[in-house]
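So this first bit is one chain, no partners, the form predicted on its own, shown in C-alpha cells.
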Amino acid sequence: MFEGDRSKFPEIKDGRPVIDLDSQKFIKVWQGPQHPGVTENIALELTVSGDEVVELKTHVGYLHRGFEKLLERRTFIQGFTIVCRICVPEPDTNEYLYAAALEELGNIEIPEKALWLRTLTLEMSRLASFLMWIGGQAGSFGMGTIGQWSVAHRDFILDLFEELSGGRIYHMYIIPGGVRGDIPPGFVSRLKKVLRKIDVLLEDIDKVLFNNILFKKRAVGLGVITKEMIDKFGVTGPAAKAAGYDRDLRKDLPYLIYNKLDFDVITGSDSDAFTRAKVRFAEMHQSVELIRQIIARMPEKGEFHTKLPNVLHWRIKPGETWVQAEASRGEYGYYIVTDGSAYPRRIAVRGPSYSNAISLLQKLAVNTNIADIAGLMVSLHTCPPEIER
C-alpha cells in the first residue's frame, strides 16, 4: 500500500489524478450498485490508498432507462405513467412540470383550487423526500434508528397520498388542466395529525443526530463545496444554499401559489455535509409550516380541473417550452417540443442529480476516507433515475 503524507498523492492533470495502477501502490474497491452505501442503484469505482480515496468514478446504467425516448413514443396523457418514475422518492415534481409544459403549449388555464392542491402535493412530496434522505444520511454514519423513525413517518404521508390519488408511490394526481380529484372528507384533519407527529419526530432527530458528537466529527468539514464550484458544477438546491446562495425557484420565479405563502430561503455558510444536513433539516420544518399555511387558506369550494379535449386524440400545436420548479434536491426543468401531432416531438429532463452524483461527487471524494464516502454521497442528495433518463 501507499505510504507517506498527502504531498505524495498522484499529480493532478485536467482535474483528475494521474494514477499508475501497475505500481501496486493503489487498489480498487467497488461500492454498489446493490449496497446501502450508495443512493439507490449506482456504482462507485474507488481507487484507494490505505483507507483514503484518491479517485472515484461513478457508474450508472443499473436502472430502468430511456424515459425521454419512451415519452416521445407515448400520447401526451400516457406520459404521466412514465414521468413519475424519473425520481421515485419525489414523483410529483415531474408530474407538475410535465403538466405545466403541456398546459403552456396547449394554452390551458388552471382553476384556482387546482393551484392550491398542486402546491399542497408538491410540499407533501418534498417533505416525504426529505424524510427518506435524512434516514439515509443518519444511516450512512451508523445511526440506523433515525432511518427507522423517518421512513415510518414517511409512510404516514404515503397513506395520505393513497387517500388523495389511490397510489402510494406513483400518484399521477397532477394532470393537464389541474388535478384528478378534490381532497376527500376528513383529509385535512388527518394531515394535521400527521404533521403533529412529524413535529415530534423532528425534535427527536435534532437531539439524536445534530447533537451527536460522532455525527459532528465526521460530517463537519466533509465534502466542502466552495463558492467557485457552485456555478461551475451547476450546483442548486440545499447544496448551493449551504454555501450561502439564497437561490430558490419558489421565491425567484414563483409558480403555482408560492407567491401567496410566507417563507424565507434558508441558507448556511460552511458548505460541508453537516451544513447541508442542517439546511435540509430546516427545510423540513419549513415544508411542515407551508403545508399548514396551504390547508388554512385553500378554498373549500371550486373547480379542480379544466375541461380538456379528448385526451386519447389530443394534439398540441407546434411549439417549445422550458418550465422549472424547485425539487428537494434543487432546480428541476423540462424542455418539451411539439410538432402538432399526438406525441411530443422531443423531451429533455434536467435534474440536479447528474452534477451532484457524477462531476461533483468525483471531485469531492478525492482525499476522503473510504468510510465517509456513503455520508458524502447522501449529503449531495442524488436520485439516479434522473441521470439515466
Partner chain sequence: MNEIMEQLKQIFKLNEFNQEREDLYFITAEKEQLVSLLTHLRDIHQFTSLIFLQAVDYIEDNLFQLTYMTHNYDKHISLGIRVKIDRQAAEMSSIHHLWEHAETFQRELKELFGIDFPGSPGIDSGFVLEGWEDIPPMRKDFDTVKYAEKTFFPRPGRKTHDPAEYMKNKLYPENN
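Residue numbers count along the first chain shown, from 1. Worth saying up front: this structure is predicted, and the values here are computed from it rather than measured.
Keep in mind the form predicted together with the partner chain is missing from the figure; the text below concerns it.
Q: If the criterion is a non-hydrogen atom within 4.5 angstroms, does every one of E90, K207 and K217 touch the partner chain in the predicted complex?
A: Result no, not one residue of the spot touches the partner chain.
Q: Looking at V200, I169, L253, L312 here, can you tell me which has any non-hydrogen atom within 4.5 angstroms of the partner chain in the predicted complex?
A: Checked against the cut-off, the match is L253.
Q: Note which of E104, E163, D270, D182 lies within 4.5 Å of the partner chain in the predicted complex, where distance is taken over heavy atoms; exactly one does.
A: It is E104.
Q: Against the partner chain in the predicted complex, would I27 count as a contact residue? Criterion: heavy atoms within 4.5 Å.
A: No, I27 sits far enough from the partner chain in the predicted complex that none of its heavy atoms falls within 4.5 Å.
Q: Contact with the partner chain in the predicted complex for K260, defined as at least one heavy atom pair within 4.5 Å: yes or no?
A: Heavy-atom contact with the partner chain at 4.5 Å: absent for K260.
Q: Against the partner chain in the predicted complex, would G147 count as a contact residue? Criterion: heavy atoms within 4.5 Å.
A: Although the partner chain is absent here, G147 would stay clear of it in the predicted complex, with no heavy atoms inside 4.5 Å.
Q: Could you tell me if G234 has a non-hydrogen atom within 4.5 Å of the partner chain in the predicted complex?
A: Flag for G234 set to yes.
Q: So which stretch, 260-268, 234-242, 183-191, 90-98, is the one near the partner chain in the predicted complex (non-hydrogen atoms, 4.5 Å)?
A: Careful reading of the contacts points to 234-242.
Q: Using a 4.5 Å cut-off on heavy atoms, what residues in 343-371 are near the partner chain in the predicted complex?
A: Counting only heavy atoms within 4.5 Å of the partner chain in the predicted complex, the contacting residues of 343-371 are P344, R345, R346, A348, R350, Y354, S355, I358, S359.
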